[in-house]
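Here we start with a single chain on its own, the form predicted on its own, put down as structure tokens.
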Amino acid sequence: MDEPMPTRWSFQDFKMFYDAKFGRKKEAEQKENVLVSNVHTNGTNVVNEEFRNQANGISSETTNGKPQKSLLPPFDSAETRALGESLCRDIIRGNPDVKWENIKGLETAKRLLKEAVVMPIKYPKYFTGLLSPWKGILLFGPPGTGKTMLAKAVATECNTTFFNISASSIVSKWRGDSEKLVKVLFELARHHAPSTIFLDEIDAIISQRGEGRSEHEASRRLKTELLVQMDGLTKTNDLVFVLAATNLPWELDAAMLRRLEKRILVPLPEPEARRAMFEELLPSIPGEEKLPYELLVERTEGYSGSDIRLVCKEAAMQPLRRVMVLLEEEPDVVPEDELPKVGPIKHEDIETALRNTRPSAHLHAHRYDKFNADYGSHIVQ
């Protein structure tokens, strides 16, 4: 059995932690890390290696034999350092594992994203001077069409530091902290450049400003700081992208639209994309009845990607429901190895699924088309 971890710190351990936490200079010959105890739910104290490294401002990972840069930049106060530590939780360290080919359709959106984000990172030599990369990109379109999936593909393919930011990340109940969080966020992004800041549902953060909209003073200060930081990105050579997504692009402030230079429509899936989704989610089983893909594509006009997934889920539930009827007649619980086999999906199951699932995003499709015609980015052949 492993030896129990120490439950008390030595004076030297506490001194090292105090110096790292409050920004004092660490001695060059220090090689050992701080032991920081993290109380788990079972009441025992265990050493949290990752937090210890973060507290010292170092990273245990190496690239090509060289240590990576510190987790936090040299902040000027303990307060901003604490804010930076809270924002570090929003850095996606794992790989979302979403590739471009996993996203069916949306060829125009994928091509524009590659042009705006991927190519400047892979070939920075070409993107200088007037061709400097776009700093702000907006993905807009009906809900459930794949905007967040595209952001995950960017995080997977670009190999950048990816900050997944929502309103809860940068809004604080303390006066003045929200603006400081925005400033610290962009300092962190520049420190870890190349990096991508993903602002999901950005309309909740920076809707239109104006006295007639009953806007709170704290909200206005937050919006102003975000606009200032985004405009300030052009003053540095660090590669920092702001990738935003929204279902309500017409609610955004005009100043934010100006800073989001690339505005990419993520539309409802085309017939070819819908067929590819159905063939992947409901594959035909050899020897069984072939599923009516043409009928599915024809009957799902105006459905979003999430609606199509619900149709497939509903169709797959029909054979399971037939099995559940049999199981309900049994007086006792059937052992797992004696459970009946779930049958294949039939043509009538598809009809039932189509009747029970309605589209959720087709009513405002014309508004997205109009916004795209007025403000959107297009591919010029």
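When you see a residue number, it is the position in the sequence shown, counting from 1. Because the structure is a prediction, the values reported are computed rather than measured.
This next part talks about the form predicted in complex with a small molecule, which is not shown.
Using a 4.5 Å cut-off to the small molecule in the model of the complex, not one of Pro96, Thr156 and Thr160 places a heavy atom inside that distance. Out of the listed residues Gly146, Pro249, Gly136, Pro120, Gly146 is the one that sits within 4.5 Å of the small molecule in the model of the complex by at least one heavy atom. Residue in contact with the small molecule in the model of the complex (any heavy atom within 4.5 Å), chosen from Leu106, Val311, Leu83, Leu296: Leu106. In the model of the complex, at least one heavy atom of Glu201 sits within 4.5 Å of a heavy atom of the small molecule.
Residue contact with the small molecule in the model of the complex: Ser77 places no heavy atom within 4.5 Å of it. Within this chain, Ile197 is remote from the site of the small molecule in the model of the complex, having no heavy atom within 4.5 Å. Proximity of Ser284 to the small molecule in the model of the complex: non-hydrogen atoms within 4.5 Å are absent; the residue sits far from the partner. Partner contact region in the model of the complex: 299-307, out of 249-257, 126-134, 218-226, 299-307, criterion any non-hydrogen atom within 4.5 Å of the small molecule.
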